[in-house]
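One chain comes next, on its own, written as structure tokens: the form predicted on its own.
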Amino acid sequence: MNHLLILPILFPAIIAPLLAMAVRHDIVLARVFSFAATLGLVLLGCLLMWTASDGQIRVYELGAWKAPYGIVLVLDRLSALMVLLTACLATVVQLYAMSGWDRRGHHFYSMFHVLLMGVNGAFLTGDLFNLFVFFELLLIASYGLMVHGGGPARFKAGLQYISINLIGSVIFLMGLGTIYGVTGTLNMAHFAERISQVPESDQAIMAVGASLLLVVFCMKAALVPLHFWLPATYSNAPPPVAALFSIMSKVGVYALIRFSDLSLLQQGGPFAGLGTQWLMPCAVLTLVVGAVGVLAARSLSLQASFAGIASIGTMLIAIGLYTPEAQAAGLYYMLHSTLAVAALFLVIDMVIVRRPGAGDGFDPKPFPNQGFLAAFFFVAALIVVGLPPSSGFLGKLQILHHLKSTDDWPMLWAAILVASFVTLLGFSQAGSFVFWKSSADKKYSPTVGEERQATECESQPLALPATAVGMAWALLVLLTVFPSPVMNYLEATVAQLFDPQQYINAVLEPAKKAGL
């Protein structure tokens, strides 16, 4: 077996308790160990992508127990891509957190690596129950990160976030129990093989179980009408944590793609297309709600949260076509939106730190480094909106091209283009209030306390935060400059997804050959 497959889970599992017990009292050592571990995950992600690029699906049998009787990890092109994306985003966020956010609460780096372990496990697991386990693991870590730094508003939003996710966990368990009761398995490949063999008397129960899982995955992906948890959570979380959380909604999208492409899109099966007919209209509504939310929001963090919702809608419009070409375009846009929204949250935090008494509200008060941060916000907003020549523009262009094959393409084109314009309008309004009007406000007279805070802000270096944001933008530039090799990989990834039998054979064939 290739032991590389378990390292994205094992590595954070080792480093998290080490940071909690051995070096938690020395912030410098904690930063060094944690950043080295995160860079190691980036190298590991590159190695896994190179390994998966030959098109072979690799299976890691824990304890040498063969599927479907044992727990397995599965590496294909999509899981390798998601592990690398997670590692790159984690590197950007940690570099930013080292500028001071890691000092605002206890055990930041331990929770950070537990969350990475959960996310990587969700991308690599070949078992639905272990998908639930890794979901819970990343959520437990996210609860701690959500309230990092304290504050009543953050604590209240954290309680709401926990409550909603506990409800989701109960629904997830109900779906798993129903599926196991009908099929006798929770291994994804085994389930995909057995779902077409469910007797007619059990098909209604099976449909209920599968629908419950789809509801949970749509909730994790923040798809309308199950998006209600995201704006309050992301806008009240520490901005670096909200930037890291941008990968968490993609775990829901990944689970939705994996479950649908592997099990629910089999031609001729009794559950072919179950629930998929609702994905496109919900995706359009998600895009509209996100765009209107950006325009209506009265704080920069809330705008970024709704921009994340809009990006999920755009991505799922492409995925909802369920054609290989459109899904490849959707995955390209997913890479863009994850990094772009994360960078926007980080830029907003740079503004918040330097606006004593105003925070991220639309309150025109002058603040230090205003011109520099105005330029940063301008670039971050244009990238999130997807204006040329950004990777978001290329992603939307590909999505629009593939939408022409549908009968409803005029309506879908209008939704994407109008939503982009509305989002741009919302960010323009924010920029006008926060940066332009505050520069023109000559009558404003800061209090003594605000002057002292402003002096402290001016002394805080911008080099490390700006470097972290620049790193995210550099990755987006690579997506823009090298779209052809990226799309070649994504097209091969989707071709692999649309051949579920290859996945099923890779996971189950060893047990069949052994006569089990």
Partner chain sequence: MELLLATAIGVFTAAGVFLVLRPRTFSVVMGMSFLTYAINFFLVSVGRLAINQPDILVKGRDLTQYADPVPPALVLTSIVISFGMTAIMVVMGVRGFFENNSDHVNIDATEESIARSRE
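Residue numbers count along the first chain shown, from 1. The shown structure was predicted, so the numbers you read here are calculated from the model rather than taken from an experiment.
The form predicted together with the partner chain exists for this protein as well; it is not shown, and the discussion that follows is about that form.
Just one listed stretch, out of 293 to 301, 407 to 415, 316 to 324, 174 to 182, contacts the partner chain in the predicted bound form at the 4.5 Å heavy atom level, and that stretch is 174 to 182. Taking the partner from the other structure, the partner chain in the predicted bound form has no heavy atom within 4.5 Å of any heavy atom of P364. Contact annotation: G151 falls within 4.5 Å of the partner chain in the predicted bound form, judged by heavy atom distances. Residue contact check for M206: none of its heavy atoms lie within 4.5 Å of the partner chain in the predicted bound form. Using a 4.5 Å cutoff between non-hydrogen atoms, Q197 does not count as a contact of the partner chain in the predicted bound form.
Contact check at 4.5 Å (heavy atoms) against the partner chain in the predicted bound form: all three of V147, L159 and A232 pass.
Though the partner chain is absent from this view, in the predicted bound form it lies within 4.5 Å of a heavy atom of just one residue from L400, L285, V170, A374, which is V170.
Of the residues given (F155, W278, W436, F421), F155 alone sits with a heavy atom within 4.5 Å of the partner chain in the predicted bound form. For the stretch 114 to 138, the set of residues having any non-hydrogen atom within 4.5 angstroms of the partner chain in the predicted bound form comprises F129, F132, V133, E136, in sequence order.
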